[in-house]
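Just one chain follows, in the form predicted on its own, and it is written as structure tokens.
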């Protein structure tokens, strides 16, 4: 789900849009940026792209990789190198039928998630409230990422988490936290770094930790595969096994892609699940309709798999509406590869664009009653009806859209379905209003606390 970390908060973008209109220019450090906060202009930019769109100026990411002798991954690569990686990775994680094979592994993680909820709520005063659900969903997302990317389990959701896993989780949380606070290190000119060394130092340290984590798991899988080959056994597996056996990417490229997909796939999924649960708790009438659809199509006890999700349009609508209100990435970036005329203005080749999706997703012009949680706005009236709207494109658009979209949707859809099969999610006395804040990603500004009551 990672597209581009934008420099300003969503409130600043909304304020600038009100003051300057739907297209305006600004500076972020030495970087000149043209911001676009209009659905049709955004659509024009994205539809005019070539075969290898350039996402953003990522010089700091490239500088780190040059410094450490690391390869680029799908997020940081550009041009022909990016096209090659995209063509290799898309074979395993882009098409719905390819992602469907991960249903079993994801469901095993969800079983552990539900057990963990029972444990956590039993520790609450009322026997139902779970505080700070994002901490819980962070661990679910970590475990899901490990299952799909590394083909292993970490034990994040066990009541007695293995010490090595505790250290991994703590280190990753620290790294994600550092990354969020230092991702603008590249905006500090190099000549200033001797005077303000900490941001760049911490930026490199966070990448070091992320690469180390991925490398350990890739190397473990490589040893396992070599052992099978030495014994004359047939080697089968998922994404990582495919990459290591096919050798279509170098080992360094595999390290890089696993690291960048890890970065892209944890916080993004956990934040979205947290917001969805919060919205369902605040809107019991919506939750009841979704639950009735699940019972009608699946029943109470049948664990869903990927092919069941299309039968449940409301659960898909809940995710779309959650991402409209709380897009994990409030904006997207592009560097123009040719001169463009947008909104009557000439934008020269090489200009950094900021596509302000958070602003467009709250536009009444694009979404009537935009501040309200209304999943039904995404439902099709019939098979010919399409509900497309460039006002809300949380996974991006076109060839440079998020390659992990199908995986993220699978993890979130299957989790929401089973949570609703097991629990009625309610407001708790500890549930206080939670507003979004931007720290690169759009995050809950406070602790989300809800009750998980047994379904009667």
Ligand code: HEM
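Residue numbers count along the first chain shown, from 1. The structure presented is a predicted model; accordingly, all values stated were derived computationally and were not measured.
The form predicted together with the ligand is left out here; the points below concern that form.
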(request) Please overlay the site onto where the ligand binds in the predicted complex and tell me whether the pocket on the shown chain stays open or is blocked (3 or more ligand atoms within 2.4 angstroms of backbone or C-beta atoms). (result) blocked
(message) I'd like to check something about residue 75: if you look in the predicted complex, is any of its heavy atoms closer than or equal to 4.5 Å to a heavy atom of the ligand?
(response) yes
(request) State yes or no: in the predicted complex, is some non-hydrogen atom of residue 415 no more than 4.5 angstroms from a non-hydrogen atom of the ligand? (result) no
(message) So, residue 360 and the ligand: in the predicted complex, are they within 4.5 Å at any heavy atom pair?
(response) no
(message) So, residue 375 and the ligand: in the predicted complex, are they within 4.5 Å at any heavy atom pair?
(response) no
(request) Work out which of 34, 42, 408, 425 lies within 4.5 Å of the ligand in the predicted complex, going by heavy atoms. (result) 408
(request) Name the single residue among 145, 277, 325, 243 that comes within 4.5 Å of the ligand in the predicted complex, judging by heavy atoms. (result) 145
(request) Could you tell me if all three of 116, 129 and 161 have a heavy atom no more than 4.5 Å from the ligand in the predicted complex? (result) no
(message) Just to confirm the contact call: exactly one of 425-433, 63-71, 391-399, 34-42 touches the ligand in the predicted complex at a 4.5 Å heavy atom cutoff, so which is it?
(response) 391-399
(message) Using a 4.5 Å cut-off on any heavy atom, which residues of 314-342 would contact the ligand in the predicted complex?
(response) 323, 328, 329, 332, 334
